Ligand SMILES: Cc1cc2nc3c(=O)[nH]c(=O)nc-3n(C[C@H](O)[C@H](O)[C@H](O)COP(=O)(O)OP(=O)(O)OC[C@H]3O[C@@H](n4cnc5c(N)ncnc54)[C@H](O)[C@@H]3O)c2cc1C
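Below sits a lone chain in structure tokens, taken as the form predicted alone.
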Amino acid sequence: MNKYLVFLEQREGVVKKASIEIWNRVQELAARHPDSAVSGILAGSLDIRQLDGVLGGKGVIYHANEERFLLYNSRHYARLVADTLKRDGATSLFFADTALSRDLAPRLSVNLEASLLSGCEVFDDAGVDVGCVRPVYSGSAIASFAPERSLRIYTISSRSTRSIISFGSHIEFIALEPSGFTSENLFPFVRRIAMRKDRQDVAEAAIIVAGGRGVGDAAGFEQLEELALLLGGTVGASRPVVDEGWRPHAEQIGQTGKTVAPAIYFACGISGSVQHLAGIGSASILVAINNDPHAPIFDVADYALVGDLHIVLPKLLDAVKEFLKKR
């Protein structure tokens, strides 16, 4: 029997949508193979009722419901996951492809001598044993990877078409009582940076209004903020913008930032380097605004607006406001 373990990541006591999506995708995979079972692991003190109706399939979720695991600590998280993996007898471990998993998954791969396949997008119908497919060279090619070891660790990229579980769910939560941990130095951090409560994480937002160097300066993002607010989305940024200090690193999108899969992505003043395109390849609809008709972003855009951003954006804002008034 193949046993799959899914790591459900939380931040500030809220389970990330990307992890919920991965749970459901693994359940879909297991449903095609009767000899497969799915379990999960959740660390940190939180209300599990937030998961009602969003997790499909069947299985158990081991919950270390303790305040000391609320903040991420790579050494302690690695030990907690490794102990649970061995106890559960899982053959494959799954993470959403996030900043946390990019740190934790390689550490576990070394500690457990497991094969690590990162940024996977598609699994063959034969199951995870045959490996996965993901883009390489900034999205210019697709490669297939196969694990060499019996124990496998996968980080899975989000996709714009969310998993839809067509069958019922029967999930049991089991309290996990980790042993051998001490409270002392469990959270060795220099400073804590918290995201504003009213700001969505770009990695999970359905609508993103992103700006590049063409926005002009930090003040130019005020109109992008306004558009994102009207549409119920959030603001993102390209690497040059973050390097200039106009926007925080948490908003950076691209190969060296976050990979996103929104329903709509507005690229404002973004030329479209291969590194940025690698991070937005899963967007359902791409709207590009740029004054250069030959900008690479237009090669992949679904809708293109050629013109000065400072002229186009105010008109777009007026049009959106007028549309919303009529609703």
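Numbers for residues come from their place in the sequence shown, where the first is 1. The model shown is predicted, which means the values in this text are computed figures rather than measured ones.
Below, we refer to the form predicted together with the named molecule, which is not included among the displayed structures.
- Checked against the named molecule in the predicted bound form, the candidates R134, H76, R239, R247 yield a single residue with a heavy atom inside 4.5 Å, and that residue is R239.
- Taking a 4.5 Å heavy atom cutoff to the named molecule in the predicted bound form, the contact residue among T84, T98, Q252, S158 is Q252.
- Looking at 262 to 270, 42 to 50, 29 to 37, 62 to 70, the stretch with residues near the named molecule in the predicted bound form, meaning non-hydrogen atoms within 4.5 angstroms, turns out to be 262 to 270.
- Shown alone here, L309 lies within 4.5 Å of the named molecule in the predicted bound form, counting heavy atoms only.
- By the criterion of a heavy atom within 4.5 Å, S140 is excluded from the residues contacting the named molecule in the predicted bound form.
- The named molecule in the predicted bound form comes within 4.5 Å of no heavy atom belonging to S282.
- Proximity of A295 to the named molecule in the predicted bound form falls within the 4.5 Å heavy atom cutoff.
- Shown without its partner, the chain has I289, N290, N291, D292, A295 in segment 279 to 300 as residues with a non-hydrogen atom within 4.5 angstroms of the named molecule in the predicted bound form.
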